[in-house]
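Here we start with a single chain on its own, the form predicted on its own, put down as structure tokens.
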Amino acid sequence: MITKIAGSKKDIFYLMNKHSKAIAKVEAEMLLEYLFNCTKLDLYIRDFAVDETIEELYDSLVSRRLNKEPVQYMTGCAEFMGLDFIVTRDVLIPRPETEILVNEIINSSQFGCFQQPHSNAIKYSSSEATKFPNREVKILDLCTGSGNIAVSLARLMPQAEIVATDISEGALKIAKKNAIRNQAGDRVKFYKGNLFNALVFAKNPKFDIIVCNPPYIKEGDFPFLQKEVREEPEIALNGGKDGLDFYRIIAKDSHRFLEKGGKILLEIGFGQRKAVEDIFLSYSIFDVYKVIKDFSGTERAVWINLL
């Protein structure tokens, strides 16, 4: 139960500190940005009137958070790659770790080929990486969700042609809004359907890079997930009995949609590296180039080459 603190000065910092033992500071800032319709910087440089009504509204938001409702669904937005994205219960909440996928693609395309793997990458192929052709790079984002990967790439790679797909009509509506919101409405083409089936009406569906953050949670693990995660759409999380269903489909069908020497970049779940590698290496047409670790040292993404 949340109670009021009597006799305290009612300013923005009073609110920020009021529930500091219950919620993280970053979450308090997000809730206050939403409540006052301002930026994080505004919280520290502007004076805000904090009356009883404002305090009650803030207390209500904190109560919802303490009941494990994700802050991003409460505020309707999330930051990704420095951009602001609309999020609803139709889409997975963008995670900071997924920014690795965007940065990897930017770096590989910027230099025309893969750079030597950095300190948090495991290199597998000893051969020289295939260079991208001297033309605009075509990128396919499967399971786009909120469109965070596709829209970020469109904003940061003006030379790229971006196509994004998702099976969820609700998710695609949000993704299209996010493209417009981030001045990329004319840069990303969206198609509805299950993975590659969405491309049936696409013109020349051949790509240099396929990127995907697929559902990869095992069905049996759902009861043990954090309550916040279970608030997110199951369709964006459920990877089947062993969590690998989507990797199998991508391994089976992706060669038909890749240019010669094309590449696949996939986010993976904890402990899934070997299983994902084995799926792709069971086909004689793929080579695992490198595995990328996130800042916590967890293997987070894998680059795969079409030979």
Ligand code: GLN
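Please read these numbers as outputs of a predicted model, since none were measured by experiment. Start at 1 and count along the sequence shown; that's the residue number.
Keep in mind the form predicted together with ligand GLN is missing from the figure; the text below concerns it.
- In the model of the complex, at least one heavy atom of Cys143 sits within 4.5 Å of ligand GLN.
- At the 4.5 Å threshold, heavy atoms of Leu92 reach ligand GLN in the model of the complex.
- Not displayed here, ligand GLN is kept clear of Ser108 by more than 4.5 Å at the level of heavy atoms in the model of the complex.
- When ligand GLN is considered in the model of the complex, Ile149 lines it closely, a heavy atom lying within 4.5 Å.
- Residues within 4.5 angstroms of ligand GLN in the model of the complex, judged by any non-hydrogen atom, belong to 213-221 and to none of the other stretches in 213-221, 186-194, 153-161, 199-207.
- Though ligand GLN is absent from this view, in the model of the complex it lies within 4.5 Å of a heavy atom of just one residue from Ala236, Ile139, Met81, Ala78, which is Ala236.
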